[in-house]
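One chain comes next, on its own, written out as structure tokens in the form predicted on its own.
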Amino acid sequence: MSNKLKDILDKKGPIKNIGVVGMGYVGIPAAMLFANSPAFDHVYGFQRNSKSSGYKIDMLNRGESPLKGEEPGLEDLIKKVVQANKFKCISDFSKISELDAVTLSIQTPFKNPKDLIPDFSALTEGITLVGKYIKEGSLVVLESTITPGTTNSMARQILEKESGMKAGVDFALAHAPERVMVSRLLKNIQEHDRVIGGIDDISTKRAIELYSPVLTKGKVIPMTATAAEVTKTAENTFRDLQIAAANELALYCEAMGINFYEVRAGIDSLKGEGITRAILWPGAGVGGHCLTKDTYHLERGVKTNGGKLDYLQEEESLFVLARHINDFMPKHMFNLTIAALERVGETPKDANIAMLGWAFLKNSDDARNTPSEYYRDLMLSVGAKVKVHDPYVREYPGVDISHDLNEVISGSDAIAIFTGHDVYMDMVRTANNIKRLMGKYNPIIIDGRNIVNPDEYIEAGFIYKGIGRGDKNSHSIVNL
């Protein structure tokens, strides 16, 4: 602990002006909540003025949200803080020199999960820019999910090199991982407990000062920076594991000809003292920026922090195996589609496939690492023709996204449901109307999100296949 840093912060006074680097699903809502707090005077959102994302600057400064999924309260909050002159989005990073605290919310994907080498290029660029402009007494907080040990090693080294100062002596440094889910961003930031880990006690206390004003129900959980990094990677790894357990059980139920959802209800019914059940739902795959990579950050942390792991010899990590199971689910959707086509004597070559949903999460426009892409690639590889519909995703590199649901369904041989958007919940209740649009005697529907009523579709003449529906996947074909 440095008395010098404490003296600097005491002289500097409370945090008033904040910068948020990275205007995405994490940075935008965080910046708006900081700006809306009476504890702070002004917030700057820092966004590179690039071809791919520079448009966000003007949108935010007009009080508009670049996020096009359903985010309750976000658009109104953006308008409010912009009109109150408490928020501005800029690309001039030199403004950081005038701020008391800077947070970084930048993606940290993996180039290749097999070699456990993350792509920290965007994060290191952001840290470098911050390091160039921070002043004595600044607080720097990494919100990005990172390999355990990164804050106190790579991030610290870059900041010290660029600033010419020492972390924990001249400026404060901490990790406070985001814990949000798309479609409930504001709610999550305010109501979830906030894990805050500084490189020392003074840094932790300064970061607590930053985040406490935006918490409503959530409380602060202080710890070391590395413990905070492990907490974030582990909580996402555990959720991925829980989903994988549901997915594998669903595959078992299919193989045994029973209904996963009946089994799940039975498991979930056991209540009582000392009994914990956390069985989640199976589905067409896991997407997004977090769950698809955080297992690998956790695995890498074990390998890069110098400790010796006492574990089963020559056995794969349970967490990595879970990741592989979830990665397999789009392939399972492909296998179900091929099996359904075979039931009506068809091959995938030249089959017309209507994919419903490109975003990985319902009522969201977030298509990062979407499982839909793997399925589409598989169908195209066997000669199928694929059309994609999503009401929220406006565009995606190399993929035409239609917003006309009827046009995508019309003339298709098979429908594959990948996302549980509300618009699909309404659509799938009308089997006969969908059959007329498809124009097939025995059209196919592959339900990856347990949306449709199998009996209704089977009775209408459909070939039905659903994840976890072993009781229905081999049904008799109804010829009307």
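Predicted model, so just to flag it, every value in this text is computed and none were measured. Position 1 is the first residue in the sequence shown; the rest follow in order.
Below, we turn to the form predicted together with a small molecule, even though it does not appear here.
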### Message
To verify the annotation, which of these, 120, 87, 360, 296, has a non-hydrogen atom within 4.5 Å of the small molecule in the predicted complex?
### Response
360
### Summary
Exactly one of 148, 287, 197, 131 comes within 4.5 Å of the small molecule in the predicted complex through a heavy atom, and that residue is 287
### Query
Wondering, does residue 261 line up within 4.5 Å of the small molecule in the predicted complex on heavy atoms?
no
### Query
Would residue 204 count as touching the small molecule in the predicted complex under a 4.5 Å heavy atom rule?
no
### Message
How about residue 280 - does it come within 4.5 Å of the small molecule in the predicted complex, if we only consider non-hydrogen atoms?
### Response
yes
### Query
Might residue 421 be said to contact the small molecule in the predicted complex, defining contact as any heavy atom within 4.5 Å?
no
### Query
Hey, of 180 to 188, 302 to 310, 87 to 95, 218 to 226, which bit sits against the small molecule in the predicted complex at 4.5 Å between non-hydrogen atoms?
180 to 188
### Task
State yes only if every one of 243, 291 and 449 has a non-hydrogen atom within 4.5 Å of the small molecule in the predicted complex; otherwise state no.
yes
